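Single chain ahead, by itself, as structure tokens, in the form predicted alone.
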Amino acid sequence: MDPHASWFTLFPGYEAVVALLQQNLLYGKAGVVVAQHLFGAIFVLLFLLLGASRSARYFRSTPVPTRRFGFTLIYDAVLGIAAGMCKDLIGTDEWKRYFPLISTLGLFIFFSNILGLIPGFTPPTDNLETTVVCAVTVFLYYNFHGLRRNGWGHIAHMANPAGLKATWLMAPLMLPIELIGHLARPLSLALRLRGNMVGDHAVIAAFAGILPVLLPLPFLVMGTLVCTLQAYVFCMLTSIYIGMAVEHQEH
């Protein structure tokens, strides 16, 4: 079986997108792989939009939390976890300002990861470009709100984390170190998520190729746990970064 074959090849416009990507010198022959992940991301986004619309209509007439198993229960669980994470880790009265981004990332990453466990689908989070976009979004977002909340104090805190007058002498040394640390955050987020998903799905595919009926079942259970955990870790680190950025700086 063609390793690049998936259900996305049946989508209208797939061949045109592949041809366009292959004409790009940046992708070349890798245009097929990029197209698979691109259509995977579009599929997950459409799925989330439909699920959100259905859940919104359901919760208008049904009390929360719901006891009915389905998409609404998954949405309720993910949003509840994200809300609790925002309250605990960000620790400001305006945690609801940051909740939409964190919950959206959690849902997108979770369903993208799970997509890789379904035969015939390519998960978007197997691609470094997808995880980099998520990570850079987090990086820009928490720095924007850090500047919005603390102004130049957000930059001053990087130069003088201790906040003492005497430690300003160390600013020429501390500022480059802090900047490197901040720039490493999106790289760490992107590589951690992509690496874990590639490894997890590769293990499942390998055992499915040996005995596709029973042997992969324990690994599918473990894979579901890994997919959930990686979405949780990504959102947890996002909440921590936002909380550190918007924390009021007296200096």
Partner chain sequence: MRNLYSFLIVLLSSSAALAADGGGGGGLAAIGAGLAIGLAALGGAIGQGKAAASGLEAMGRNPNSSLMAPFIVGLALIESLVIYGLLIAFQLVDKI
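Numbering follows the first chain given and starts at 1. Quantities reported herein were computed from a predicted structural model and do not represent experimental measurements.
There is another form of this protein, the form predicted together with the partner chain, and it is not shown here; the text below is about that form.
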item	value
4.5 Å heavy atom contact with the partner chain in the model of the complex for all of 153, 160 and 179	no
Heavy atom within 4.5 Å of the partner chain in the model of the complex - the one residue of 45, 220, 33, 191 that qualifies	191
Interface residue in the model of the complex among 225, 202, 49, 56, criterion: non-hydrogen atom within 4.5 angstroms of the partner chain	202
4.5 Å heavy atom contact, residue 14 and the partner chain in the model of the complex	no
Non-hydrogen atom contact residue 239 with the partner chain in the model of the complex at 4.5 angstroms	no
is_contact(residue 233, the partner chain) in the model of the complex, heavy atom dist at most 4.5 Å	yes
Partner contact for residue 229 in the model of the complex: the partner chain, 4.5 angstroms, heavy atom	yes
